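Before any questions on how it binds or moves, here is one chain, the form predicted on its own, in structure tokens.
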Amino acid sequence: MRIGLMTGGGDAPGLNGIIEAASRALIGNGHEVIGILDGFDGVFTNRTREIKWNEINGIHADAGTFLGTSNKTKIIGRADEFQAQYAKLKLDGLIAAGGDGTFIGIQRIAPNLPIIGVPKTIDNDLQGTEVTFGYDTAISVVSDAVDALRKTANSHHRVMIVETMGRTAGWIALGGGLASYADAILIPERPFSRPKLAEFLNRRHAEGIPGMVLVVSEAAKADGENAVFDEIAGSIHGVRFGGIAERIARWVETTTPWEARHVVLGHLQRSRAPTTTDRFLTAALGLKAASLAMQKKWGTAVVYREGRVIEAPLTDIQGPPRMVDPEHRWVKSCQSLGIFI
């Protein structure tokens, strides 16, 4: 068969692992693998490359994506154009690694496309799977940052505010903050009380704690307030969150005895080489995707559930974002550790 391979949406650590694992399995079984460059753009502009074994050997250890990606392609109203251009590629089917934007886009413009979906996002908020690849790497970046910033916080007797990605879900802030024993973790699913947070900071100051580090999800908000965001015309999501860490830092300085600084980790969370955990996961996901393609089980997705990579209907990963349960066991762990959340 002639199988297409595409990566869409924002890059995530492990995309190259999917490409290498799926390609090696397909090529090893006598199939041709055609990489589509830069996500949907590659279909619309007919930009592809045949993937050769020697070109991908070892790329699983690299950040980014060998094929390129894009989350800015305009697809609304272009269904006929997409299907006509896709037909020119003469593919038997497509393996696509992407997030909610990728699969929402495919559903809109090519609902009958023979496809295997591999859910991808560092935000860990896709339905139908317990964990997404790239998440472990992203929270490793957060925990490393907190560990490092605690030294300067203690040296200067400051509160350091670390802003993480995650959009409307707090998984990255929660996982990274818990792993590093941050002093406070603020996530969208648990709007925080300003008076209680101020009381917590004041108490810690009075106890003689030399410095503190707070981890804040980019869409976190206080009780009765809205998240900080900018409207982005033409975006699939419509808004871009960010700026909450700076606002909290200024608030801390005017409300408590602490001096405060903020750090926005931003795309550092995407650009790190994948952790060993993410490498194991992408190897399993890529091999399963290739197996499903060779069995022509189109319209399915490869997901992680109960410690295993399994197949599921593609519709399972096309729902609304999977949010953190406000009473999640990790939240309980934070509370037991004395972390404000």
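Since we're looking at a predicted model, the values are computed, not measured. Numbering starts at 1 and follows the sequence shown.
Only in words, not in the display: the form predicted in complex with 6-O-phosphono-beta-D-fructofuranose, which the text now covers.
Contact check for Arg270: a non-hydrogen atom falls within 4.5 Å of 6-O-phosphono-beta-D-fructofuranose in the predicted bound form.
Although the partner is absent here, Gly176 lies well away from 6-O-phosphono-beta-D-fructofuranose in the predicted bound form, with no heavy atom inside 4.5 Å. A residue is said to contact a partner when one of its heavy atoms sits within 4.5 Å of a partner heavy atom; Asp183 fails this definition for 6-O-phosphono-beta-D-fructofuranose in the predicted bound form, lying far away. Although the partner is absent here, Glu218 sits close enough that one of its heavy atoms falls within 4.5 Å of 6-O-phosphono-beta-D-fructofuranose in the predicted bound form.
None of Asn71, Gln85, Thr256, Asn154 but one reaches within 4.5 angstroms of 6-O-phosphono-beta-D-fructofuranose in the predicted bound form through a heavy atom, and that residue is Asn71. Just one of Met165, Val118, Leu214, Ala245 comes within 4.5 Å of 6-O-phosphono-beta-D-fructofuranose in the predicted bound form, counting any heavy atom, and that one is Met165. Contact annotation: 6-O-phosphono-beta-D-fructofuranose lies within 4.5 Å of heavy atoms from the stretch 166-174 in the predicted bound form, the single such stretch among 166-174, 73-81, 248-256, 196-204. Residues of 108-138 placing a heavy atom within 4.5 Å of 6-O-phosphono-beta-D-fructofuranose in the predicted bound form, in sequence order: Thr121, Ile122, Asp123.
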